[in-house]
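There is one chain below, alone, in structure tokens, taken in the form predicted on its own.
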């Protein structure tokens, strides 16, 4: 069975917690499986932010509630974290950050280290993160030379003095940590960096979008989707990606439709409120059969809600986005590899079927960092379906199936016309009832064609199951870990990666099960409703969470024990 320890760093924005996370994840991932996630308050300064890093001798990709080692970077971290402290927790920080009354009430062992004083001795409070990086790596007996290589790589552009000052800060922390000698109870896995890559969900879908041929991104910034915009902007010169920060989300998706109309492969990345504004353009995509790809990064709503927290609350919004009936595709990555593969595949499916494709992620998925085994991208998904038009070209030709040949202006001798109103075969506006029915049925018939390219689900656990746990998106890691480490006999885990449209024969998975449990990070059981609506599947139990936090391993285990026999 996999073993792990959980480190948590708690402080304010601006204290360098993200730098600590970056350094530790890079260093520790060479010899251990690692996973990190953050809990950030929606404010520029103050408040309390935490970053959790799990170190394990096996694959790990889930949040854990119980803290093994807690680093306190200020004096107001404890109140929010007290429920996560147990008698075995080691608290590390300045003497006045924890008092005896707290330890008596909540347990734990307090190690008094004045990291702020060390940072000042090294040159100032800006070195606090380097001191703590040094302490942590010394405590875990990590090679200090490797750590210093990272520091030099990170700060060399700022000059030799900055590098040397950081070396000094690191050495001060490292010595103290080494003296403490906290030994892990499990062995190194070793040389994982040779076959695996450290990345977060934002990078995973970003790589996928680039692999799918994305050559333009138009968006209005909105957490937590902005990271994808920033990532693609950073790659714009290397991959030839046009980047446009639009004046609002309405303009952003309309620009993306224009890009596809002209033969490009555009992306809009947004979050719940922004996607609401894009819905008219989603319908425009459906009516004009102009492809588009939208990355929808979920966060708790309605309205602004909890903009820096996580939730799976926009599935049904994506399914029903826009007005009128038209086909669309909704994909939801659960692993980092899924993010790459589905990001790439989204552009292929949009191009092939001339429909909007929504890639549905959330804050927890995008901002969590983990390990992904290296693999080759499938070049099939860069195939383009644009044709060179002839003089007799008809954009919406009837009688040849639901997928018309897609021409673009200026490529061939044909005239390419589209209209947001109902149109005839040429693309000219019409109010002929008969044409309306034919065109509408032609568009809707794409749904059956799309199912021929269905993104396959993943079934794990006992193949001879009579209990079935169903999940989607970012709950993948926590459900997998719970079922692997808990005692749930004859239980399978079905992870859906394409949420709409759903393949009809998925019902076979459910017919086999006597007890179906759906796990979702929302209050309404949106996947369960979709399964009922699309496939007539009745769910026996729903395990829901909607407080803005991801499921924790311990909490989900306890709730599964209530509903699994």
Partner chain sequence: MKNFEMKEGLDLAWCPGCGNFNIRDSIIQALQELELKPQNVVFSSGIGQAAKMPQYIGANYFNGLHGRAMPVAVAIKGANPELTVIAEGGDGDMYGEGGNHFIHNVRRNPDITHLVHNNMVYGLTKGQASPTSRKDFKTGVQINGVVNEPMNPLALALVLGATFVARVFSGDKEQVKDVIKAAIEHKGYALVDIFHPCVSFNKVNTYRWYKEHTYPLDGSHDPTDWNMAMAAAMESDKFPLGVLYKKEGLATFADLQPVYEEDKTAIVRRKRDLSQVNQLIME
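Everything numeric in this text was worked out from a predicted model, so none of it was measured. Residue numbers count along the first chain shown, from 1.
There is also a form predicted together with its partner chain; it is not shown, and the following applies to it.
- prompt: If you check 186, 385, 239, 182 against its partner chain in the predicted bound form, which one has a heavy atom within 4.5 Å?
  reply: None of the other options qualify; the answer is 239.
Its partner chain: the contacting residue among 369, 259, 72, 439 in the predicted bound form [heavy atom, 4.5 Å]: Checking each option against its partner chain in the predicted bound form, the one that comes within 4.5 Å is 259.
message: Heavy atoms within 4.5 Å of its partner chain in the predicted bound form: which stretch in 94-102, 358-366, 402-410, 480-488 meets that?
response: Heavy atoms within 4.5 Å of its partner chain in the predicted bound form occur in 402-410.
message: Suppose contact means a heavy atom within 4.5 Å; in the predicted bound form, does that hold for all of 376, 379 and 426 with its partner chain?
response: Looking in the predicted bound form, the three residues 376, 379 and 426 all sit within 4.5 Å of its partner chain (heavy atoms).
task: Consider residue 280 of the chain shown here, and say whether it contacts its partner chain in the predicted bound form, taking contact as heavy atoms within 4.5 Å.
output: Within the cut-off, so yes.
query: Does residue 419 reach its partner chain in the predicted bound form if we count a contact as any heavy atom within 4.5 Å?
result: Flag for residue 419 set to yes.
- request: Decide whether residue 154 counts as a contact residue for its partner chain in the predicted bound form under a heavy atom distance cut-off of 4.5 Å.
  value: No, no contact at 4.5 Å.
message: Does any part of residue 197 reach within 4.5 Å of its partner chain in the predicted bound form? Heavy atoms only, please.
response: Residue 197: contacts its partner chain in the predicted bound form.
task: Quick one: name the residues from 228-263 with any non-hydrogen atom within 4.5 angstroms of its partner chain in the predicted bound form.
output: The stretch touches the partner through 231, 235, 236, 237, 238, 239, 240, 241, 242, 243, 244, 245, 246, 247, 248, 250, 251, 254, 255, 257, 258, 259, 261, 262, 263.
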